[in-house]
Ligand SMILES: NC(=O)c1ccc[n+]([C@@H]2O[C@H](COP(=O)([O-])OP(=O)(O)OC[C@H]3O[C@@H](n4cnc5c(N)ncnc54)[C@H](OP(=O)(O)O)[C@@H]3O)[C@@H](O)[C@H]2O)c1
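The chain below stands alone and is given as structure tokens, in the form predicted on its own.
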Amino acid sequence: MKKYKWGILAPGKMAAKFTRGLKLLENVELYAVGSRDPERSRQFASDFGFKKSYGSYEELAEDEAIDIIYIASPHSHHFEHTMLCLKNKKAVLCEKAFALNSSEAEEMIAESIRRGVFLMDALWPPFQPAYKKTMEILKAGTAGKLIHLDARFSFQAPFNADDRKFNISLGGGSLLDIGIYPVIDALYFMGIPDEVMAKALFSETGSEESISIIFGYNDGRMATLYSSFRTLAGIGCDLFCENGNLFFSRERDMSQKLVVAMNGEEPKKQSYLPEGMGYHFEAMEVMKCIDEGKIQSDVVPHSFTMGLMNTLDRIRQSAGIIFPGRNS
């Protein structure tokens, strides 16, 4: 079994969560960390047991020993940092949102294909047990046709103009930060919508802090989606089918619950608490694909990422969300 040397680009809270997942895997070597702040890089490397630390992203990407780089910088920098790593022939797992818009995503994927280097959108949901079980039930047909989906992700965040959640120059707003999860739910279980309608509530900085979205499908199905930094709606997805309903939810610790309520039957409840908050599943997929000589994942293929990014563009256009100075 090949042992892969991993690098972390932009050590922060998200990178820490992901690294804890990496530490569960035997075929991982925690090799290097890169940050614009040398001290921050050294501290992260020391805390988690990485062999090297770099005071720039360029030094990290240019280290010939590194096999895979996980990118955890703000959304606004994913394009730049992914292109840097791909040009240095490093496989990339890029945290969501993959890019600010579909134009950037298209260039990133084209670069991956041109250089023959693996690239994957770091989407947490499709690898999780509650998600996989839900899809298994839907594919089995016992629940009947999925008619309506309602998904939400919200928590209350104190306003801070400098925080990346509210800083529009960093791609701030609930949509790309947490609203992306309800969108993934709809795309994963229902497909690309034919119609998209959205309304947003904006913060003092011009970033969107709450958004309500409707997806319409030509066959009459519908999805309603919601994300917010102002309310406590929680994290969950309800699927209403002809023969019953499926409800899955999770907590901030990534513990998952699935309730299967078939018509006329007692609801069946299932709970899951993956090790490492479930982040190691993404790393496992990356290394499996590279072992098999692939440059994209079958679970999160480039086509799904492009469908997601195109849909996010449509939502932003409908809601009037603009990132200044970027090709929307």
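Predicted model only: the values in this text are computed from it and were never measured. All residue numbers refer to positions in the sequence shown, first residue = 1.
In what follows, reference is made to the form predicted in complex with this ligand, a form of this protein that is not presented.
Checked against this ligand in the predicted complex, the residues Ser73, Gln256, Ser203, Thr134 give one hit for a heavy atom within 4.5 Å, which is Ser73.
The partner is absent here, but in the predicted complex a heavy atom of Arg164, alone among Arg164, Arg230, His148, Arg115, sits within 4.5 Å of this ligand. Picking from 73-81, 216-224, 241-249, 192-200 the stretch near this ligand in the predicted complex, with a 4.5 Å limit on heavy atoms, gives 73-81. For a residue to qualify, one of its non-hydrogen atoms must sit within 4.5 Å of this ligand in the predicted complex; all three of Pro11, Arg36 and Tyr57 qualify. When this ligand is considered in the predicted complex, Tyr279 lines it closely, a heavy atom lying within 4.5 Å.
Although the partner is absent here, Leu170 is a contact residue: one of its heavy atoms lies within 4.5 angstroms of this ligand in the predicted complex. The closest heavy atom approach of Ala97 to this ligand in the predicted complex falls within 4.5 Å.
This ligand in the predicted complex comes within 4.5 Å of a heavy atom belonging to Tyr181.
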